[in-house]
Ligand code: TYC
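Below you will find one chain, with nothing else, as structure tokens; this is the form predicted on its own, and questions on how it binds or moves follow later.
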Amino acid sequence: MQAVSVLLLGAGAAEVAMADRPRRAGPPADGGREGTGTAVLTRTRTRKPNLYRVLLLNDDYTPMEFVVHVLERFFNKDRAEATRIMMHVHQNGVGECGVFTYEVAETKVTLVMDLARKHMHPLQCVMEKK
């Protein structure tokens, strides 16, 4: 998040700064000079998170059916879409599985790589900033 400060000068600034505070009885704290002063308001602006592409890389040893299984299991692709992506990876050397925030992309890459190692396949899954 990014903080933005706004400086208010002149009449009315004190009222803005004091609007949330309860008023006390007695002489004014500013010595009777009502309407003068400086107030700083801070506003936060949220930015959209960076997105990352999760990519599968082709190799000559991982079975095509395993790649389809990975796409269905971790990327929620139906059979037809998973097969299309798998063929794209096979023919072009790389294919996009999806676009996610950093944490989600990192988790998906880790899950795919762990499953590939468990089944002793050299499948590579990487992420890159979009």
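The shown structure was predicted, so the numbers you read here are calculated from the model rather than taken from an experiment. Don't overthink the numbering: it's just position in the shown sequence, from 1.
Not pictured, yet referred to below: the form predicted together with ligand TYC.
Enquirer: Backbone and C-beta atoms within 2.4 Å of 3 or more ligand atoms means blocked; with that in mind, superpose ligand TYC from its pose in the model of the complex onto this chain and give open or blocked.
Expert: Transferred pose: open.
Enquirer: Among 86-94, 43-51, 100-108, 73-81, which stretch sits within 4.5 Å of ligand TYC in the model of the complex, heavy atoms only?
Expert: That would be 86-94.
Enquirer: When the contact criterion is heavy atoms within 4.5 Å, does A39 count as touching ligand TYC in the model of the complex?
Expert: The answer is no: A39 has no heavy atom within 4.5 Å of ligand TYC.
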